[in-house]
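In structure tokens, one chain follows: the form predicted alone.
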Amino acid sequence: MYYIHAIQSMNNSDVFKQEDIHQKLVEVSENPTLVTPDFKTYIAPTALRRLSPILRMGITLAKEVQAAVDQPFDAISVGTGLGCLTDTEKFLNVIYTVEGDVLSPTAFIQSTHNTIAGQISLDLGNHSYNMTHTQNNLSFEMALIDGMLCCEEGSKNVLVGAADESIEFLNKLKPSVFDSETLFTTSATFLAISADKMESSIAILACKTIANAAEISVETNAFLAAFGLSLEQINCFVLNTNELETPANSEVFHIDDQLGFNQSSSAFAVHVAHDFLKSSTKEFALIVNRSSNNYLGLILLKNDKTHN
């Protein structure tokens, strides 16, 4: 098992540095606004001016997670579906408007998907393994699997996270690209995982990604059966689909209602499930991440303190 030693999120709900966030979720509004702290507390003002919202979130969350575990990271694994959209748009606008002059490379450098993980590494002075995963809505799951593999190879403290941001241009693309009526939002979640239990009691039992998952119930039941479990034994579901029939006595969070459309939503779903288990005596939580292209991500959490 892989234990969550610290976890932090930032999105349109007031969840940063909050406990029991499953009780503090608000429905996404017509014009969702990112709820942020004073970034100057975490980032030098000279650097803050040139950082886009997604980079500010990544650095701040990584620093807060590292402060909670009080040790450097042996590896950093970050997932992002769309990358640094603000800087990508800025870079494309510069190309379009500037004629006959040398372009500044700054916007291009900060527009790449791996800028988030790279900027975190630079800001923390971390020279360990650093990887970015970009697999649409399964980007976080792939980053998590990578982090779990790092733990198996001996890493004691691994930073895993995911971040995606919304820009106005996405709303223009939605009718032709995204099969969703949900509003786009900005969100990021980072957590420290380790194979060592330490003080943590919430564990990640498994994470699985499935392409072309036509029958979600069949895939989910097969995933749980590998651990001798059934849907009736899952106490909490955090999902973005109505295709799975959940037991009547389980707690269910439809993450799209609170977070909107965000390709890193499964990372925040882990935070919601983590806090639910941590504040209860319930044993299992399942994150079900379904997309319109039939990609399916499944993450199983266990409240290990129930068997201490």
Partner chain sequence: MDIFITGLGAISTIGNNVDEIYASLLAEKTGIRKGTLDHSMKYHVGEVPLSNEGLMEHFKLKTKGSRTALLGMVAAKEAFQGHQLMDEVRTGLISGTSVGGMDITEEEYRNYLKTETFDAEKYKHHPSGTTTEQMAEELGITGFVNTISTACSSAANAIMMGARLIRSNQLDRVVVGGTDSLTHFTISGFRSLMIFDPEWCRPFDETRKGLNLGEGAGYIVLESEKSLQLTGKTPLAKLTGWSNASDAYHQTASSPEGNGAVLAMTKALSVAHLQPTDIDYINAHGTATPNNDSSESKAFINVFEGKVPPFSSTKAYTGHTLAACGGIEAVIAVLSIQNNVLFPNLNHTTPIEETGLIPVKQITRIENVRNVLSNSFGFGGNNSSLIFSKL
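Residue numbers count along the first chain shown, from 1. Just so you know, these numbers come straight off a predicted model, no measurement behind them.
Unshown form predicted together with the partner chain; subsequent notes refer to it.
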Only one of these stretches, 221-229, 189-197, 234-242, 91-99, has heavy atoms within 4.5 Å of the partner chain in the model of the complex; which one is it?
91-99
Is it the case in the model of the complex that M142, I210 and N293 each bring at least one heavy atom within 4.5 Å of the partner chain?
yes
Using a 4.5 Å heavy atom cut-off, which residue among T182, S217, S128, Q71 comes into contact with the partner chain in the model of the complex?
S128
Indicate whether the partner chain has at least one heavy atom within 4.5 Å of a heavy atom of I204 in the model of the complex.
no
Should R50 be classed as touching the partner chain in the model of the complex when contacts are defined as heavy atoms within 4.5 Å?
yes
Residues in 132-160 that come within 4.5 Å of the partner chain in the model of the complex by at least one heavy atom, in order, are T132, H133, T134, Q135, N136, M142, I145, D146, L149, C150, E152, E153
